[in-house]
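Form predicted on its own, single chain, as structure tokens, below.
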Amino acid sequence: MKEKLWQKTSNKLDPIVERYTIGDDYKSDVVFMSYDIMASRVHVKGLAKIGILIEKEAEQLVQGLDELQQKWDAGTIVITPEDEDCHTVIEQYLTDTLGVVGKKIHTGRSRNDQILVAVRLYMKDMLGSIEKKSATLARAVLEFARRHEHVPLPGYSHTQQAMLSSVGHYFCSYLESLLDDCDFIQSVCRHIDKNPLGSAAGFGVALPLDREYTTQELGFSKVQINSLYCQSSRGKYEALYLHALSSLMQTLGKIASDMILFTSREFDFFSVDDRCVTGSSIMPQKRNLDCMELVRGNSAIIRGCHATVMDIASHLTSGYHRDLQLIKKLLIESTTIASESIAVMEIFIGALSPNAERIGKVIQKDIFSADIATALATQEGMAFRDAYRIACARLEETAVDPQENISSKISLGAPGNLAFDRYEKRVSDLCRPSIH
């Protein structure tokens, strides 16, 4: 039986209690292992910098961590339930290979700040990845909106035809929402870009750890100063991360809901090619948009994960609590869902095409009522409220061309003034490679 990092000779957990406390940590930590190794390298260098390790010991430990990373990448090292977590694997490997020198790795740190820094590095990486994927999706949505800018499409309020919109107008609304999501992701990334390494168990250590040095070495922009707040921020920072993913998924869920409705046989505003449809085991004619239904459903899953993390963290007193272990699984699950949903949505946009002829047949003439009222008010000098009351009566004697109607909507952001140049700049800025 492997010895736990926290274990004293008299400690022997009941097997049921042991399984319960370990939970899925050994599975979740597969995601965090490389980040923990990275932070351990920097911790070793920091200990050498302040004289806790001599140069030879630091070199041995860094080399040992490099070898561990290579074996981890090759799949010859695994995390087992007996290990509990990635932290144990790292320390045990160094101790087994380097002896007493390996045992020195934990000087001045706790598993608490180990997981803090590993998760923080993970969140930074994942936010960067998801932002890039969202920017690529935004580019696809922008190009779709350009291609179909002038295709008429009913605008709905209360699920009833309201005023004439266009395919370009609808998709620019999705585009701007995605761009706002990217802005939010960036702001969350800036906010959490703080180094907690060196906070130990939440109360610091009696060593002159150079936390500015480790911050620079790990690529953080700032130090998270108060050691107790480092621990108390766990859950709070993860909730912000999940808020960003939830916002993104709300956008994708909105697109999915619209497209599920608009591709139904009753609407038939859009066609989707076979790349994105499934069938029924009993009804041969069915073409099901399962992928969009799952995007819509998964947006609720991530909102649930966000709410759960908020609830776990909000009931804790200051400092570390084992409840926080449960957050890791929610974080990983949400990240995977968001990343895969973006990829699916990009494929879906490429498989979509508007059915302009069908849309034209569905547009009801009374959709132009508000435009007739506006014309009466501006062209005949009538008070708008009076024009509003007689607009429907004028429908029969007024001919309205849908294309001319779209072009007449010249207020910024309306169907006739979609401001593609502004969107192009925002998308291009997001898609531009980052320089670090």
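Keep in mind that this is a model prediction, so the values were computed, not measured. Residue positions are given as counts along the sequence shown, with the first one as 1.
There is also a form predicted in complex with another copy of the chain; it is not shown, and the following applies to it.
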Checked 350, 279, 219, 81 for heavy atoms within 4.5 Å of another copy of the chain in the predicted complex; positive is 279
Contact with another copy of the chain in the predicted complex, heavy atom within 4.5 Å, among 30, 400, 62, 392 goes to 392
Which of 123-131, 337-345, 67-75, 136-144 lies within 4.5 Å of another copy of the chain in the predicted complex, heavy atoms considered? The stretch 337-345
Indicate whether residue 12 is a 4.5 Å heavy atom neighbour of another copy of the chain in the predicted complex.
yes
### Message
Even though the partner isn't displayed, in the predicted complex is residue 37 close enough to another copy of the chain, meaning a heavy atom within 4.5 Å?
### Response
no
Going by a heavy atom distance of 4.5 Å, is residue 45 a contact of another copy of the chain in the predicted complex?
no
| said: When the contact criterion is heavy atoms within 4.5 Å, does residue 409 count as touching another copy of the chain in the predicted complex? | reply: yes
In sequence order, the residues of 144-175 that place a heavy atom within 4.5 Å of another copy of the chain in the predicted complex are 155, 156, 157, 158, 159, 160, 161, 162, 163, 164, 165, 169, 170, 172, 173, 174
